[in-house]
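Only one chain is given next, in structure tokens, and it is the form predicted alone.
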């Protein structure tokens, strides 16, 4: 896949916009999920993901081909999400899902394994509780927790995305887990 991406990037740098559409198609879901986990809001995540792709396109000439493209793109998306968190004002969207309503969350869109309705509700409530706990974390811990446990990235990739030493990433993951334990200690 890396060779495919590198070929597409070379085509983009030569002016082929269709090549960029293929890159967007390849990474759109992952970038959206990353932004959603960071921001906790579907609309803001869509905006951040779209802006990340625009920034990546505009700055494609600054991409270092020795680095994984996905790490570079995730770094852009993570930084945009952190910026949005810093500037965040209370927003209300009329079509936003209502918290605590049965079956009206993003999690309900995941394929189910023939679970009973009670198990489904419990699972949704647990996922909502964990997401709320993640949202309460300071952004420096939230970003590493989302990248490590939600996006399943390696310590090296997280280090590259956040431009932090691996030791700092490990420390933040540990402290983020401890903070989550405190928030979720009642479970």
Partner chain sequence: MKCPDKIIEWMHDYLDGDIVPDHEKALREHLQHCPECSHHFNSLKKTVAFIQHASHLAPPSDFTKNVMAKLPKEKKRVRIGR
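Numbering follows the first chain given and starts at 1. The shown structure was predicted, so the numbers you read here are calculated from the model rather than taken from an experiment.
The same protein also has a form predicted together with the partner chain, omitted here; what follows describes it.
At a distance threshold of 4.5 angstroms between non-hydrogen atoms, residue 28 is in contact with the partner chain in the predicted bound form. In the predicted bound form, at least one heavy atom of residue 181 sits within 4.5 Å of a heavy atom of the partner chain. Although the partner is absent here, residue 46 is a contact residue: one of its heavy atoms lies within 4.5 angstroms of the partner chain in the predicted bound form.
In the predicted bound form, the partner chain sits within 4.5 Å of a heavy atom of residue 37.
Interface residues of 50-76, taken as those with a heavy atom within 4.5 Å of the partner chain in the predicted bound form (partner not displayed): 50, 53, 54, 57, 58, 60, 61, in sequence order.
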